[in-house]
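This document opens with one chain alone, in structure tokens, the form predicted alone.
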Amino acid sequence: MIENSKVKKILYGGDYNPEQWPEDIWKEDMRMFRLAKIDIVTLNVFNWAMLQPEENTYNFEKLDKIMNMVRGNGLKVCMATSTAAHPAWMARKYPEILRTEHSGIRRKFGSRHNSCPNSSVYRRYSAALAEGLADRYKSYDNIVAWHVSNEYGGECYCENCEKAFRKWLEEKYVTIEELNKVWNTAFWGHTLYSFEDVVVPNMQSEEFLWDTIRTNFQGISLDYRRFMSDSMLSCFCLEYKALKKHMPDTPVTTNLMGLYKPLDYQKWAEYMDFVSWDNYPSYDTPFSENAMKHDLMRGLKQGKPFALMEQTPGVSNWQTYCTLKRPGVMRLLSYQAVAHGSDTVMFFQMRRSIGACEKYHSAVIDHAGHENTRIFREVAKLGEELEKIGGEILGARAASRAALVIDWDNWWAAEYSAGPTRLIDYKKEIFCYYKAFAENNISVDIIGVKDDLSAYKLVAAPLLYMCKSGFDEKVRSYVADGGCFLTTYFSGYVEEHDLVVTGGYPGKLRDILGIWVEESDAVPEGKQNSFTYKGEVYPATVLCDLLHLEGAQEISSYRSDFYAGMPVLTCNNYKKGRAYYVATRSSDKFYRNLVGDICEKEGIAPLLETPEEVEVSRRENANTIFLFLLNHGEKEAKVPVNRVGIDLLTGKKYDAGDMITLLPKDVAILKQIK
């Protein structure tokens, strides 16, 4: 949420690059923005080369013209710092600024995100540019937010990073003895005698390419992932501080990318004034997967609204199949973002570029250069609707009684594990359970291991391979006080350094779950065991835990192989609460039924009963509920209304028991008084 007194409605606009066009085009852009009800533009995302043509020379002339033009046309600005791509002179004069690949090969100038995050040159000049921009434009009251860099990502393995990694480790572990302990370097005689012995884990040292990147020392690779995420976060913070020197009251963000594995977004969010992200689903992305990413973004700031910084109004240009968004889909996906917590609807890009890799990426203004296109008409229609809605929804939050735990350290560690199977897929496992909540129309918050659990009746933590210090105590207290906890196979095995917790799996969760996992059977792809739940047979795939009951009750057991009859689904009554364990991966139908049954038992009611292709989501403030109904299907759908409300989009009033008719790809937003 862009918390700024100048923001009175859902902001509508996106990335605008007038510097790529002759000035006589700019006036026409302003005309078309007015037609489409565009009220905000993101400027200056990739202008470092223009702004600093030489080491000691800055040139703001063109940006001044652009800023004066958009201000004169009443447009708000999300101002970027341009630091995602350094200028050519910098790479030529300071080659150490360039990244080194996982293979050990030093890159040359080109692409973007090619700057080493631990280069003192990059850090100095990026912070200086950010400060220069803030100082120059601090009097522009139409700047409502700052946008640092762009889509941070990638990795570097250069000498700058190696030296910084050693320093990071020394600050974290203090002594070389402690580092040897947590990395278990006694294995394979890898004892380190000094922090100077530490090298980056890449293809030249501990990591190798097989079916994917693998590592000989999970602890080393895990710490490097943490370090690299921290390194880029440090770059963000340098620019953040530079901006705040001159514009302390203007909120600062950077655009995230959903479930992006390399960066620990939960840690990043602590340093961002508000969360923003770029949403680019493929033509076949399930709508519930898209919803999950929105809910993740909302959860990064403990439920605060976020900003949809980018989406394509039509077609993306970099996917395997650059399939057009069908009529109505852009509007549908825009409202889906708002339904799950976005207070903005923004696009990349405003005018379609004529060259390079994004020239066929859709834009509000197409290569045709006029408003007589399908996409522009759809954009303009949505702009009219958002203007009509105004500020009604701003700041409204979700109110969930169920939560899903995601943890980046756990994600990294689980997928670095050398065994038991390469089919371990943390993101897929998370989605299996999220989809089950979504199909039951149960609102769910996505939280981290640091977050409070007490507000929830049910907390699910699938594939909790790494149980960090203190989290087991948090879960133990939560369940003891009456909470319901659910976890799965391959959970509780290691602590935060990826060292096995001895004494039997699932480690520190063993008493809470009331089970002991003796061993696990990896199921080859295409094979399966099975089990029965409520009279129906379901598959058991990926991994089958062979477990013994230690107080838990068996709900179901395996049907075949030598462990036929052993428990596969259990529930343990622990003091006032319950803890469920699912010892294998199964089917969507099983998860839907299991989660639905548990929610019913815990008194967590669906938001509404809807047809299969109709998504329902809710935001609310002190006095009002906003119920979003989104028909993702290809057929008309009818939905029963649960209480009196007015559709914000049509103005039509509905009484409890009435039916709302949704056309294919249609949306309704019911405003209901509490």
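Numbering starts at 1 and runs along the sequence shown. Here the structure is a predicted model, which is why all the values come from computation and not from measurement.
Below: the form predicted in complex with alpha-D-galactopyranose (GLA), not depicted.
Under a 4.5 angstroms heavy atom criterion, identify the one residue in Glu310, Glu602, Glu385, Asp230 near alpha-D-galactopyranose (GLA) in the predicted complex. For this set of options, the contacting one is Glu310.
Only one of Gln336, Ser221, Ser276, Asn150 gets a heavy atom within 4.5 Å of alpha-D-galactopyranose (GLA) in the predicted complex. Which one? Exactly one listed residue reaches within 4.5 Å, namely Asn150.
Partner-proximal stretch of 534-542, 453-461, 420-428, 150-158 relative to alpha-D-galactopyranose (GLA) in the predicted complex, 4.5 angstroms, heavy atom: Result for this chain: 150-158.
Give a yes or no for Trp48: in the predicted complex, does one of its heavy atoms lie within 4.5 Å of a heavy atom belonging to alpha-D-galactopyranose (GLA)? The answer is no: Trp48 has no heavy atom within 4.5 Å of alpha-D-galactopyranose (GLA).
At 4.5 Å between heavy atoms, is Glu101 in contact with alpha-D-galactopyranose (GLA) in the predicted complex? Although alpha-D-galactopyranose (GLA) is absent here, Glu101 would stay clear of it in the predicted complex, with no heavy atoms inside 4.5 Å.
Flag His361 as yes or no: does it have a non-hydrogen atom within 4.5 angstroms of any non-hydrogen atom of alpha-D-galactopyranose (GLA) in the predicted complex? Yes, His361 sits close enough to alpha-D-galactopyranose (GLA) in the predicted complex that at least one of its heavy atoms falls within 4.5 Å.
Just checking whether Trp318 would be counted as a contact of alpha-D-galactopyranose (GLA) in the predicted complex - the rule being heavy atoms within 4.5 angstroms. So Trp318 counts as contacting alpha-D-galactopyranose (GLA).
With the partner absent here, would Ser491, Trp516 and Tyr581 each sit within 4.5 Å of alpha-D-galactopyranose (GLA) in the predicted complex, counting heavy atoms only? Zero of three within 4.5 Å in the predicted complex.
Heavy atom contacts to alpha-D-galactopyranose (GLA) in the predicted complex at 4.5 Å, residues of 331-356 in sequence order: Contacts from 331-356: just Phe348.
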